[in-house]
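A single chain, nothing else alongside it, follows as structure tokens in the form predicted on its own.
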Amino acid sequence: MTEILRLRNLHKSFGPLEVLKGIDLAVAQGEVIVLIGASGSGKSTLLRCINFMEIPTSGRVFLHGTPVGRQTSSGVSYVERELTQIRARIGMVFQHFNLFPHMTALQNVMEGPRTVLKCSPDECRNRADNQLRKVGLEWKADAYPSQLSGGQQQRVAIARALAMEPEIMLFDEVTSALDPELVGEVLITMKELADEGMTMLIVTHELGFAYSVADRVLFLADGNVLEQGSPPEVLTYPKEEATKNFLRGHSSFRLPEPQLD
């Protein structure tokens, strides 16, 4: 399959704290990769470096084989205008919905294409209508965030990211702030995107969901990819003791996963 994203020896430090310690990763077009690991292992930081919400301390990010930034004698130099274009190509959905409270669902979804892509009003409206329909919320187009459930707000956030027509979607623990009864509707939306061939990197603790949708699972520990493989290889028959301990503790008090079929 065509490679869409590559990370080469990616490091990220915050002052003296090194959070990512040399990540190497290649992502094929249409691949769904799930990142798991304990809090503080570097999962969210990795996603934020991929779309340059955080600037890597060192290492390179390649999109379709083209490096982002320019190598100089002192490191990699980035131009904000280039990074804005990269962020438009890599959609990201967060744990908290971050919708504009004074805008309707439709207006929230239209905002990115209007301000970043400079689409015409008709094009913005068409994109927003299509994406709200995709997440099953076209009937809530005129509702404000305060009038939506948490699950509905998160689905609007997904529609907002999709309206930019990204090449890759990043999901950072998007169900962790939701009440348990609302988790399923968001996971179903994400599974439908995976089934449609969207390239996705997902940080989640929903291991049943990971097993059902992932092409590859990566276990991160202390800023490194400690183990990776198919869902059965990592989630059912892990090789590393740290992976086994994580999965053992994570599954001790779990309820059955929602049925996604």
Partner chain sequence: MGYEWDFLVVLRDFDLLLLGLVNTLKVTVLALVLGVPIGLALALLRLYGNLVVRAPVGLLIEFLRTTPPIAQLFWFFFALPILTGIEIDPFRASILTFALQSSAFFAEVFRGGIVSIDTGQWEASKALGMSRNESLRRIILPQAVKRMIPAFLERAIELMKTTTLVSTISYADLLYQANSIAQSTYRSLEVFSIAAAMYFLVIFACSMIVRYIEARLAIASEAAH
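Numbering follows the first chain given and starts at 1. Computed from a predicted structure; not experimentally measured.
The next section is about a form of this same protein that is not shown, the form predicted together with its partner chain.
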Name the single residue among Thr84, Ser120, Gln71, Ser149 that comes within 4.5 Å of its partner chain in the model of the complex, judging by heavy atoms. Thr84
Which one of Leu226, Leu63, Ala194, Met53 is close to its partner chain in the model of the complex, taking close to mean a heavy atom within 4.5 Å? Met53
Looking at 108 to 116, 179 to 187, 71 to 79, 122 to 130, which one sits within 4.5 Å of its partner chain in the model of the complex if you count heavy atoms only? 108 to 116
Ala141: heavy atom within 4.5 Å of its partner chain in the model of the complex? no
Touches its partner chain in the model of the complex: Met92 (any heavy atom, 4.5 Å): yes
Using the partner position in the model of the complex, report whether Val174 sits within 4.5 Å of its partner chain, counting heavy atoms only. no
Heavy atom of Ala88 within 4.5 Å of its partner chain in the model of the complex: yes
Between 87 to 104 and its partner chain in the model of the complex, list the residues on our side with a heavy atom within 4.5 Å. Arg87, Ala88, Ile90, Met92, Phe94, Asn98, Leu99, Phe100, Pro101, His102, Met103
